[in-house]
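Starting off, we have a lone chain in the form predicted alone, written out as structure tokens.
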């Protein structure tokens, strides 16, 4: 999820507090004092993609957080910092149309202690439409920096919760105080088909019924208030009900409802609810919308597609030689080997019992269905594009590190690069009502820019600079994350390893995931505090049963470099983790059985 901490922040904090007792400098790093936005930058010699389908070569002048000029042969003002882009590519800053970025992780809910589970208080039932995410947003939270590093300059942030968590707000991803970063404070009402925890509404049907009840009450309250305000004589004042009153702008169509609808069934249910009640609906975080395309088109509903995709099936990567480059002798030998493999396969199949054959067939059919399903998820955006459905993207369910690779999978499945870029920029700006200030590179708009060394959607392109409200962040050129494999390393290393690091007074644990990729090795590490939120290792090296790699752990601007040195013997690893100037700590790991 977007709001996760760095995978190894737990280790970072343990080392700081237990070894050094160093807390004051860390607080200083958390300052919300805004960066200087009065700086002037001239970005020269760049490919400028002003908006999807429109590009030119020239310069962009940034001053006081705004784009002052765009064009060829711009003269540098006396106070400008000139940056030669060396033919790099400049895009408008990306916009996340629905996000939980900048919010602290919600504590795990315990069993609610209520007298009447069938009629619990609103906050226990997950009904808090009066709550504003503005009160929760923390620009210094680590997830903001992660999203910014992926090229995002603006996010529509909504509160966490269940059925009706509250109102969303649109924020700049710059550094500073929330009051200076908010673009629109009460931008939306956020809703989900998420039932309450062991109290009513405890089912999806119950959630829908409760939603109707709240809407009807807000409708009646709004009418009563309007009548009372015109002539209160003979009328009692309405008793204040914050949840109902907060919903009146929804009833009056002054506030759109961003409704999570992942599956086709959810999309159908939410559309039916909207038709019945009449509120302004945005279908959000749609993962399986293709079966409902006709309903979406008929209702002209704005759509936010999820960038989360199921894991791809790993194909068996057997290297095949190009027959056109083979000699006749090599062709003959290859044909003989193929015939032997087929004969061996038939012989093995002949030995199988009827039950084993049936099980094997069923397994193959399951795998084919899974492959087909994954392709449908990957091609959803392309299908929406072909049907003329305008959509933006949301990363609310997606890790920042997965965004680009998942977009690439969608493009490989048929989505055009122009539409993918529009979903990140112009479509998102239109959807949020901020197209006058963001989404394109034009004079007078916010200086939100993404600079890449190659066209963004190329597989190996890297983000080199990100500007948000004129604040410049330069991305370090990342080192190669895959280390070349020794012969036989795949068998020795591949898989997941459970590790533990001994720090005085505490043990830090997690998983090391090692994946061979051709002649290279990918090493990823997570923490038991945030399982599944992997960080990739750099400078990976494996030789003579010794594995080493490096990682960088960041906490609100304070950075620590970790160096792992491990000896491998059978299914165990032992070694040390060096944590910069704080010393080295013993680590052990055991391979997880498949």
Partner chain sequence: MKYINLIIGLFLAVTMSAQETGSVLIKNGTVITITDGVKENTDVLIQNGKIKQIGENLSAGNGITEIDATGQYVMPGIVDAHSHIGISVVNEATNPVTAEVFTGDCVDPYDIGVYRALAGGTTVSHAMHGSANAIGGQCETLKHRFGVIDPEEMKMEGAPRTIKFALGENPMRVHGERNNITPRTRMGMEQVFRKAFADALVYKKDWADYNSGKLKELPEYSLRMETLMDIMDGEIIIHCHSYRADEILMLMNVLEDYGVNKICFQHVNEGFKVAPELAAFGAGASVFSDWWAYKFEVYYSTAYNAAILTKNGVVTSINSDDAGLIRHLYHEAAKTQKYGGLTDNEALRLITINPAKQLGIENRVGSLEVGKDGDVAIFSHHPLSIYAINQKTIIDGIVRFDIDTQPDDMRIDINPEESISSFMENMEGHEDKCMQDVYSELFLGEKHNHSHHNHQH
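What you see is a predicted model, and the numbers here were worked out from it, not measured in a lab. Residue numbers count along the first chain shown, from 1.
Beyond what is shown, the protein has a form predicted together with its partner chain; the following relates to that form.
Answer option from 369, 346, 106, 331, heavy atom within 4.5 Å of its partner chain in the predicted bound form: That would be 369.
Given that its partner chain is left out here, which of 118, 388, 72, 242 has a heavy atom within 4.5 Å of it in the predicted bound form? Residue within 4.5 Å of the partner: 118.
Residues 195, 272 and 374 are flagged as a possible site; in the predicted bound form, is every one of them within 4.5 Å of its partner chain by some non-hydrogen atom? Heavy-atom distance to its partner chain in the predicted bound form: all three under 4.5 Å.
Based on heavy atom distances of at most 4.5 Å to its partner chain in the predicted bound form, which listed stretch, 123 to 131, 88 to 96, 283 to 291, 440 to 448, is the contact stretch? Within 4.5 Å of the partner lies stretch 283 to 291.
Looking at the partner-bound form in the predicted bound form, is residue 203 within 4.5 Å of its partner chain by any heavy atom? Yes, residue 203 is a contact residue.
Determine whether any heavy atom of residue 217 comes within 4.5 Å of a heavy atom of its partner chain in the predicted bound form, and answer yes or no. Judged by the heavy-atom cut-off of 4.5 Å, residue 217 is in contact with its partner chain in the predicted bound form.
Does the 4.5 Å heavy atom contact test between residue 363 and its partner chain in the predicted bound form come out positive? Taking the distances in the predicted bound form, the answer for residue 363 is yes, it comes within 4.5 Å of its partner chain.
Give a yes/no on whether residue 350 approaches its partner chain to within 4.5 Å in the predicted bound form, heavy atoms considered. Residue 350: no contact with its partner chain in the predicted bound form.
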